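What follows is a single chain, given as structure tokens, in the form predicted alone.
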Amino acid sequence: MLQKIYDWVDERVDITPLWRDIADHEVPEHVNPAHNFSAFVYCFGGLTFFVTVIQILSGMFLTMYYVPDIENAWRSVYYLQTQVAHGQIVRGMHHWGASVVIVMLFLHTLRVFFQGAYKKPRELNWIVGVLIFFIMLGLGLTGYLLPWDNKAYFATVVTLEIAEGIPYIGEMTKTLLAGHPEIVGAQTLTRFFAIHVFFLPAALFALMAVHFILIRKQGISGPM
């Protein structure tokens, strides 16, 4: 059945060459753990992508129940954890995955830096990777407020105070994020939700697409 569907699509779109190009792509020997134990450091990028996919899928599930307003935000999270089947597991995956993806991205960045993989001709990909790092940090910061409990509220107050300390544009940045120069309230929650669910993921998808295209074009960097 699946073969018939594939043949039907392939006859109209001709996806076989593209699929063969991906499936038959050879992996360099120095990144194959079967031949070189130290090649495990090259897995950090793939593991980061794997955790990111889990974050995306679990986040999509959470948005089906989450209500981004100050009256119902905490209640919706509580309902998700106590009433929805496997809701506590999915939220736990998303909660802990937010920390794991930062750790894996940090390890991947260290590998690239210490092995000199940021040098010519991969400078542009290094810049894209650094931007992805900041996007991930932004996702972590904006997602922290969404449960709307005391810990999230006061952590966000501290975050906004840090943003206010930016020279020249600090006050404007704080107001843009919080929706009000002084109050952390309904508009703050709504804006953080929009940034977390729409703006930052859109930027992340675009940067990841560029990242993978450059990796495919330039190849995986050689050993140090």
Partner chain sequence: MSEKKQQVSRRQFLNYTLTGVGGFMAAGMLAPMVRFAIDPVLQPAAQGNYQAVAQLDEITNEPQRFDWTMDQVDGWYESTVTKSAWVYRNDNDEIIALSPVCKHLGCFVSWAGSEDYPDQFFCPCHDGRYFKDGENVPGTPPAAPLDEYEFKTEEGTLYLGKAKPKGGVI
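Here, rigid core means the biggest group of C-alpha atoms that superpose within 1.5 Å across both forms. Quick caveat: nothing in here was measured; it's all calculated off a predicted structure. Numbering follows the first chain given and starts at 1.
As for the form predicted in complex with its partner chain, it is not shown, yet the points below apply to it.
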Item to check | The unique member of Ile56, Val67, Ala194, Ala186 whose heavy atoms fall within 4.5 Å of its partner chain in the predicted bound form | outcome: Ala186
Next on the checklist: Is Thr190 part of the interface with its partner chain in the predicted bound form - any heavy atom within 4.5 Å?
Outcome noted: yes
Checklist entry - Does Leu176 make contact with its partner chain in the predicted bound form, using a 4.5 Å heavy atom cut-off? => result yes
Checklist entry - Using a 4.5 Å cut-off on heavy atoms, what residues in 151-172 are near its partner chain in the predicted bound form? => result Met172
Next on the checklist: How about Tyr168 - superposed on the rigid core, does its CA move between this form and the one not shown by 2 Å or more?
Outcome noted: yes
